[in-house]
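So this first bit is one chain, no partners, the form predicted alone, shown in structure tokens.
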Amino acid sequence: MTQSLLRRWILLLPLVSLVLALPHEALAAPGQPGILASLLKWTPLIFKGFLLNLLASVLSMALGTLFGAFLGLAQISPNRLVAKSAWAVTQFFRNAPWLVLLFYTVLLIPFEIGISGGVIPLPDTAKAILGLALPVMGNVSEIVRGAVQSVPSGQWESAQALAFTRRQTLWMIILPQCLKRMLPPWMNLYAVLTMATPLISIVGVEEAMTMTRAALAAENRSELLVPMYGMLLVWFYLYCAPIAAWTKRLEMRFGVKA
């Protein structure tokens, strides 16, 4: 997210709080702060947690894309053992429930690891990011495999006739054509991942949902439930809706579907 976009977001926060608070303002009990005042009070804390959601989505997408790209290329390997193994790994992580993968990574990965006599801590946030990266890896692997196999086989044959090696053909001819085919589904996957990041609150990461629950527990006022969660819902929508719109434009431009 660019700095200008972040500044716009910060300017939108009071407006979002106002819109969500007005229908519930009359529900505030006498002597208690109004709904809007309570929302504005907790907005900085909840927004700080929301930024952690966005950070987790970016890091998980980066890790998942890196390993998923190699896994997708392994699926088209001429070595049948490599291709079958990559296909099995892809299908496993692509079809496994995201929450189950999160629990496995958080519970099975140790809290710290020792390297060369030193100890490196592994916080729950890092393990949760890895847990989200695993299903992303499986989906990116399929995106890469599908894009590569969608290129007409005649291009492989032409490159072979020009004495290109398989690696040269892949990196110099095939993959550059695949980028526009992979970008829309990749962006769509990122939007889905961002909307799934609240799952990490279940494994103890202090992100936006955790902060919202903490704010509601501190206030102990039932009339704040809808405005606070509604505010969080609007934030996710404002972040993901432009991504979906951009994906649609790229689909129309490139003639591909996410």
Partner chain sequence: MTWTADQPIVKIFDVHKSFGKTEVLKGVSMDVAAGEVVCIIGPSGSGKSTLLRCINALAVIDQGSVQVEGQEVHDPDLDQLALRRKVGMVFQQYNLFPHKTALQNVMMAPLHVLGEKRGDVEARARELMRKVRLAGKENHYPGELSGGQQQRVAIARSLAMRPDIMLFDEVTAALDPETVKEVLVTIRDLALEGMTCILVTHEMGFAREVADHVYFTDHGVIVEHGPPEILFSQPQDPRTKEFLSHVL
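Residue numbers count along the first chain shown, from 1. Just so we're clear, the structure is a prediction, and the values are computed from it rather than from any experiment.
Below, we refer to the form predicted together with the partner chain, which is not included among the displayed structures.
Comparing 86 to 94, 121 to 129, 68 to 76, 155 to 163 against the partner chain in the predicted complex, the single stretch with non-hydrogen atoms within 4.5 angstroms of it is 155 to 163. The contact residue chosen from Leu179, Val82, Met172, Val100 relative to the partner chain in the predicted complex is Met172, the criterion being a non-hydrogen atom within 4.5 angstroms. In the predicted complex, none of the heavy atoms of Ser150 sits within 4.5 Å of a heavy atom of the partner chain.
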